[in-house]
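Just one chain is shown here, as structure tokens, and it is the form predicted on its own.
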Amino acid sequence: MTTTLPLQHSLPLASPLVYGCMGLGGSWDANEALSEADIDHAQAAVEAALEIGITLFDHADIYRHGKAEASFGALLKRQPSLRDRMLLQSKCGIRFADAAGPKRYDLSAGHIERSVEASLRRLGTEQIDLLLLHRPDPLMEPVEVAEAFARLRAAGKVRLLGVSNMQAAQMQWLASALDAPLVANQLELSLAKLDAFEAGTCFNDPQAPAHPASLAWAGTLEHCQRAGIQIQAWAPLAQGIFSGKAPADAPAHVTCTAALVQQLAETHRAPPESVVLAWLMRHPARIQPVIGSANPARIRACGAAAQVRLSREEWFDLYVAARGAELP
């Protein structure tokens, strides 16, 4: 049996944390032009990310209607040397509602190739290191995707291919047509989004908090580990509800988990954000959290995550607290 190498080997510069650029580029108003202040904002966030050792920067063609990529491209134009210090990944496949149809998913070859061309222009670069297919498209034809990727790779426009929000069977179906391995899958994972973990621990418990939603993710973490597919976690901080921003009316299990995070932060002498991320990184899949904050201080607070080594008991303390019920 042959297996592929994980992302850190496929992309030697890949860092344990990823910086998610969705917060860059100003407002979500497509009619509002990018400003110098938006570029300054992007620069401050990127500098903070580089400061804590992040080298992989995550984009999508839809973020801020393209302005997130455009602001990043403007920053690279200001400081061209930055490109040599980072890896760029972007995503395609989501189309907002327009005159042609409703909000939809589109992994047709034409859309993939047009999206990549547009992202390259906005980013001001010749190559995307890793392209992720943003959402599963029920009309996806794996052979068509494979042919589009082959053309993009041959032209030097994309190095590697991955997916986002796909479960094991969808990845296997797509991979069956590819002549190169999928190297990453970006999923929503956090102490507030436990479905993929619950699928492995509570599949036979109808009383489990995440049942039956978790069942769709059965085998996904295991498949990724076996195939050498790097798992990335989007929204890993769960909007900060466990690291100091729990709302006053938060459920008891959220408040309890936030208190436990604070306690562990004191024990490990690390910011609470780093503890929340360390919980994901403790998993054998070596999950890469994608930090989405554009606040430089909060970005820096995540920097100690790779140094926080939770014990098995601490990991389960957080898991049980976050799920709000004892394991079956």
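Note that residue numbering follows the sequence shown and begins at 1. The shown structure was predicted, so the numbers you read here are calculated from the model rather than taken from an experiment.
Omitted from view is the form predicted in complex with a small molecule, to which the following refers.
> Decide whether Gln186 counts as a contact residue for the small molecule in the predicted bound form under a heavy atom distance cut-off of 4.5 Å.
So Gln186 counts as contacting the small molecule.
> Even though the small molecule is not shown here, does Leu237 get within 4.5 Å of it in the predicted bound form, heavy atoms only?
Yes.
> When the contact criterion is heavy atoms within 4.5 Å, does Gly25 count as touching the small molecule in the predicted bound form?
Because no heavy atom of Gly25 falls inside 4.5 Å of the small molecule in the predicted bound form, the answer is no.
> Even though the small molecule is not shown here, does Thr255 get within 4.5 Å of it in the predicted bound form, heavy atoms only?
Thr255 lies outside the contact set for the small molecule.
> Do heavy atoms from each of Lys91, Ile291 and Arg298 fall within 4.5 Å of the small molecule in the predicted bound form?
Looking in the predicted bound form, the three residues Lys91, Ile291 and Arg298 all sit within 4.5 Å of the small molecule (heavy atoms).
> Just one of 106-114, 120-128, 163-171, 196-204 has residues with a heavy atom within 4.5 Å of the small molecule in the predicted bound form, so point it out.
Only one stretch qualifies here: 163-171.
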